[in-house]
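First comes one chain, alone, set out as structure tokens in the form predicted on its own.
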């Protein structure tokens, strides 16, 4: 029984939270890696794109709730998500036309585009704070748990409980569907193949008749959809607060670089590697050790949860030092 309790505790406190968090990082890292692979610069405004899109989703959610529209046990935010993606995409395409297009036409160095994205980041952060404020917001209506601790204990008779929140299950399902749709689009559709060709060799793609502006628009649209989806799922799972999305930018970039910046499959793998590393290093393993027959004196916690982003930073530095192309050999940073 103690072995089963240890297994349940690991699932409840490590595997499920890390899988959910890893899926959110994977969606964010996919957007970063697409922009880097096709538009050839690191977009530091990506975290605030997630925040801006999630804020719009929250506002639309409140509007739907005010007129009595909901999804029963599912969050109303799922209904608001397509509208939030559309509005954010309009803003991002406008930003590309006003800011990035000029530097692309001049064939500016990537660092110029990076610095431009930092300026866009501050503007988006200010806009998000202006439209929704700086307070913590919970908008996860509907059923909260698919499985609660009390239900699990009643079913199994174990002393250790397990819970699975609706937001966690939704994150995993939506991320799986989004990744399937993206990889199918990139590998099967004509537009997706054009994007890959443009990423591999821009000059040869232009000679082949590929419209570069169309590729750019598609890239921004897909990256925006991934960012708003990731931001909404992150907010549903952990609550919405603008500053949190600035903080999550580090683990997102770490995930993209670990997997191989410019490699979509690597971005997904990197998201889960970073998430499981953060959770495993900051979780106190004393309860698990006790179930396994040990009597530890301390918490067996390598780092406090306040320092979880340090794990991403260490992973990022190690990868950049020893394997800058990432585990899946993306483009060298």
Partner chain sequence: EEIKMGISLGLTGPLESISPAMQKGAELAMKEVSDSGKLLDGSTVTPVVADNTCIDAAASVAAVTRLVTAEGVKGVMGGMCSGETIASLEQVGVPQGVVMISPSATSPALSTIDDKGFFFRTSPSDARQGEVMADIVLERGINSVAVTYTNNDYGKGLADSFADAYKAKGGTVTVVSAHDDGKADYSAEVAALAAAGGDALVVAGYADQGGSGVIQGSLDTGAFEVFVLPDGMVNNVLVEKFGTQLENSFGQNPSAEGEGHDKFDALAKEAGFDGTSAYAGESYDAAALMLLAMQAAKSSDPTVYKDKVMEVANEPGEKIYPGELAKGLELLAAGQDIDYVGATSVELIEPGESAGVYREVDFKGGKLNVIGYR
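Positions refer to the first chain, counted from 1. Rigid core (definition): largest C-alpha set, two forms, superposition within 1.5 Å. Just so you know, these numbers come straight off a predicted model, no measurement behind them.
The same protein also has a form predicted together with the partner chain, omitted here; what follows describes it.
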| request: Verify the contact flag for residue 234: yes if a non-hydrogen atom of it lies within 4.5 Å of a non-hydrogen atom of the partner chain in the model of the complex, no if not. | output: yes
| field | is_contact(residue 185, the partner chain) in the model of the complex, heavy atom dist at most 4.5 Å | value | no
| request: Considering only heavy atoms, tell me if residue 219 and the partner chain come within 4.5 Å of each other in the model of the complex. | output: no
| field | Heavy atom of residue 149 within 4.5 Å of the partner chain in the model of the complex | value | yes
| remark: Students should find that, of 143, 173, 134, 90, the residue having a non-hydrogen atom no more than 4.5 angstroms from the partner chain in the model of the complex is 134
| So which of 34, 279, 268, 58 gets a non-hydrogen atom within 4.5 Å of the partner chain in the model of the complex? | 279
| request: Look at the stretches 173-181, 234-242, 221-229, 73-81 and give the one with heavy atoms within 4.5 Å of the partner chain in the model of the complex. | output: 234-242
| remark: Within 273-308, the residues having any heavy atom within 4.5 Å of the partner chain in the model of the complex are 278, 279, 282, 283, 284, 286, 287, 299, 301, 305, 306, 308
| Rigid-core frame, C-alpha of residue 285, shift of 2 angstroms or more between the shown form and the other one | yes
| said: Using the rigid core as the reference frame, would you say residue 298 shifts its C-alpha by 2 Å or more between the shown form and the other one? | reply: yes
| field | CA of residue 62, rigid core aligned, shift of 2 Å or more between the shown form and the other one | value | no
